[in-house]
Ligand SMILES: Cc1cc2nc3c(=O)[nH]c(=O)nc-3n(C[C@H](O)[C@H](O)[C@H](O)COP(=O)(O)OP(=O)(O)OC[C@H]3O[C@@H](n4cnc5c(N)ncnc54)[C@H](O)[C@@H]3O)c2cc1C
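To begin, one chain is listed below as structure tokens, in the form predicted alone.
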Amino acid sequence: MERRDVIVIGAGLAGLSAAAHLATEGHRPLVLEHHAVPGGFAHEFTRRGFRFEVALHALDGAGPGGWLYGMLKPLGVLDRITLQRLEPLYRLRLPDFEVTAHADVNEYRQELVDLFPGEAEGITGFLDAVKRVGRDVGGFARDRATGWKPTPIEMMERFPDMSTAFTQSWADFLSAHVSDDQLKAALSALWGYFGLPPSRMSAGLFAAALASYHLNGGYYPVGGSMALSRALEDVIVEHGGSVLYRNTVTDLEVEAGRVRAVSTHRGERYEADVFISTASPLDTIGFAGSDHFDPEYVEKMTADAPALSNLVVYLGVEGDLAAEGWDHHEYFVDDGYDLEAGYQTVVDGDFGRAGMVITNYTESDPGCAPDGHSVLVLMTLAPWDHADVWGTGGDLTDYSNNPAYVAVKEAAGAALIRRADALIPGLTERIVVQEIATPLTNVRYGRQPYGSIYGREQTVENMFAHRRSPRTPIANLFLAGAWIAGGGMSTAMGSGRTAAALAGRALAG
């Protein structure tokens, strides 16, 4: 193959976004992907007529005025997909009550005030603070796109709410506005989207996401996240780029402080002027060899703690659950109000009690199941080291056929099914298709260290000014993805855009 100006490692949303931005700007990127399909976590699989969404629950900021809308519209992606606006965003079941999180922020506020009338003033103040953080984040992103590089003092003066929130934990942010522990639990339903309890989670990250969902909408693409991945792939190819699948990068060839080429497990070698890696920083260092990096840089990347992974049960079931009354796209279940203790149940692998989410994808995307059937997905966070690395002792060789692994996986999945059956009576008897994914699955298909679904832990200390830079000590090698920007599909695409901008400037000399 002829030499390309840019090579992107990984066809997850970060890599696809980077390549799409570069392609539409006149470059001819080549994307090399380990898997057989694009998308990373944004893809699907089918079983007996059921199409299963691997990971996406809702895209934030995809409506007009949203930051994701502003990114995808110029690429032409929004002309290729249909987005279904979610109303409500989700429903939360707690021990003593349920909460409907309406997409409209005013309806959501009224729902909360009706449940907690004594906290009415605090609820209003909380939501106003969330909106201010969201507006600051949007303004900051627009200013940064112009090349503005503020000092810390300038940041605080121009974007005070964002700057303050990113120095706080979510627990502290909540406590500044409301005092009722049950209300705090209700306002923190999405903590599983970030993988940390309120005491460690970045308030800026959580508030920005809430603002994006409530001000610019939560959406699900018809055809699932694969429709989005394929749309980005089409943009790349139609503008002269290429995506090669089943090409696992094994080496980066470094000469005189610059990457010259990549090699794949097929023995192929591809040269380029600039390289973007969406693999984890440690894997990227491994491709090149640690001797090409500062020891301090390698040590810093090695110190990154991976975020939690997940356990997912994919079910194809008889009956139209939405028509029968289970018309929730997203239904969160928490058995208590102490989210710190809830986090510990996840770490302990106590899947009979850990917070979980039940998603009826047929509600938002009816074509994913045969007529008269439904696709239901059960998900909870999960640790890598559960039951001695899921019964394998850390040896992943042919792990899916390891009887110990199968037993641990089946027991964990059964715990979630029992809990869902208590909420949807008769569910177990109606299961037609069942698949279970564990943290090891994420390593196999997504090449994610420790099966992490969010990359690096999204703590206060790791966010905002302390995020990992997309630049590396090698001048023509840039990074993108969750380990750099944080978890979430919208964030991944934003990370790809940032890497593309850096790569474009490097190509321009």
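Residue numbers run from 1 along the displayed sequence. In this text the structure is predicted, and so the values were computed from the model without any measurement.
The same protein has a further form, the form predicted in complex with the ligand, not shown here; the description that follows concerns it.
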item: Proximity of residue 167 to the ligand in the predicted bound form, heavy atoms at 4.5 Å; value: no
item: 4.5 Å heavy atom contact, residue 346 to the ligand in the predicted bound form; value: no
item: Residue contact check: residue 450 to the ligand in the predicted bound form, 4.5 Å heavy atom; value: no
item: Touches the ligand in the predicted bound form: residue 249 (any heavy atom, 4.5 Å); value: yes
item: Joint contact, 279, 287 and 445 to the ligand in the predicted bound form, by non-hydrogen atom at 4.5 Å; value: yes
item: Region of this chain that lies against the ligand in the predicted bound form, out of 389-397, 89-97, 271-279, 170-178 [heavy atom, 4.5 Å]; value: 271-279
item: The single option of 333, 382, 186, 379 touching the ligand in the predicted bound form, heavy atom within 4.5 Å; value: 379
item: Contact residue in the predicted bound form, chosen from 216, 364, 163, 310 - any heavy atom within 4.5 Å of the ligand; value: 310
item: Interface residues of 477-502 toward the ligand, as seen in the predicted bound form [heavy atoms, 4.5 Å]; value: 481, 482, 487, 488, 489, 490, 492
